[in-house]
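Heads up, the chain below is alone and in the form predicted on its own; it's given as structure tokens.
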Amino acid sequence: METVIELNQVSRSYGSRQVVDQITFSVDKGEICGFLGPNGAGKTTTLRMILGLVRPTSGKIAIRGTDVAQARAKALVGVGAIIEESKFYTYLTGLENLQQACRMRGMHASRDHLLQKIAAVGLDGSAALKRVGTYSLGMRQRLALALALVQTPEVLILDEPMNGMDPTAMRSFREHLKELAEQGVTILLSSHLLAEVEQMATRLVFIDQGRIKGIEKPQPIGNQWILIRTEDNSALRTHCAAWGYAAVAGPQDSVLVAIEREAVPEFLRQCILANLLLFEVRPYQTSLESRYLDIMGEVTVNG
């Protein structure tokens, strides 16, 4: 896979306060990566560093191989973003706001092109011609996504993009992001809406108190989790990787393995042949919420 976003040992401090502490992860082309953690975990600071709005204290961030700190303009070509609450001119219509944003960026975009982008995020033609001061928070978020899509981006960086959306709008938004990913757009988004992230993410990065707590790929479709306790969890995970099974740390010193039900007997036979001593094997029902809580444990909110 082609790596599009790459962070290597990235840190950011403000005086004596360490907000982000030596984080390393990457996102490949066409992936939707959920960036998850409690308030104050360092998510927004990390996204702002990726966009060059904040400089890392140390470490390197690259987009498509270009160092953001050394060549920000080049690195951000084809990058769209929503960071924190989007600001618009409330006395202008949605369409006029996009036209003004394009003028300020020196971009040419026809009226029809802008209306097409507005429609693509679930705002109808009448909404485009209403003043943004009459918009709900969810409508403003969709308008912000339309702005991020104006330049037909290859990369999207989204910070809590579904805030204020009703269930219908969230479903439309989620399906649109999945369509973009299928077209090769790379998406990194932070969100507290775990149920929504669970339905679209192809990679998960967990962060707390500025440190990466875990990096996972969701369970493949059609698989179930089985929980295994063994005398050597490290050896089991090494064997799982060699055999082509996804395996992650489970609750209470166990390993969770994603596997088709029909493949379980052969998998256990392989474990026995590999001299792995198994203490417990059972089905395990999990969700992104339970994985989040397992990984985070007792989290500390820094504000």
Partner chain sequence: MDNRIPFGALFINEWIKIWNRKRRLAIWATLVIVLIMVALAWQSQRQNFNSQQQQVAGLTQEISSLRQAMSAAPKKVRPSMRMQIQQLEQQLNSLKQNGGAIPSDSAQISSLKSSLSQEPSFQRGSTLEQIAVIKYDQAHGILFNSGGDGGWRLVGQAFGSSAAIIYALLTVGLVGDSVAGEREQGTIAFLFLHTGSRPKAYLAKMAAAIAMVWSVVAAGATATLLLGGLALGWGNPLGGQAVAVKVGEAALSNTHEVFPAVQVFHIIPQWSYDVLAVVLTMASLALVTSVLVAISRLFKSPTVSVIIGIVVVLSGMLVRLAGAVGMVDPMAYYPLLADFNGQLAQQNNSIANSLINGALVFALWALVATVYGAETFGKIEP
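All values reported here derive from a predicted model rather than from experimental measurement. Positions refer to the first chain, counted from 1. Take the two forms, find the largest set of C-alpha atoms that superpose within 1.5 Å, and that set is the rigid core.
Absent from the display: the form predicted together with its partner chain. The rest refers to it.
Only one of 49-57, 26-34, 267-275, 254-262 lies within 4.5 Å of its partner chain in the model of the complex by heavy atoms, and it is 49-57.
Contact with its partner chain in the model of the complex, judged by any heavy atom within 4.5 Å, is made by just one of 103, 171, 192, 113: 103. By the criterion of a heavy atom within 4.5 Å, residue 76 is counted among the residues contacting its partner chain in the model of the complex. The shortest heavy atom separation between residue 87 and its partner chain in the model of the complex is within 4.5 Å. Its partner chain in the model of the complex comes within 4.5 Å of a heavy atom belonging to residue 131.
At the 4.5 Å threshold, heavy atoms of residue 137 stay clear of its partner chain in the model of the complex, well away from it. After superposition on the rigid core, the Cα of residue 133 moves by 2 Å or more between this form and the one not shown. Residue 74 shows a C-alpha shift below 2 Å between this form and the one not shown [criterion: core-superposed Cα displacement of 2 Å]. A displacement of 2 angstroms or greater separates the C-alpha positions of residue 105 between this form and the one not shown, with the rigid core held in common.
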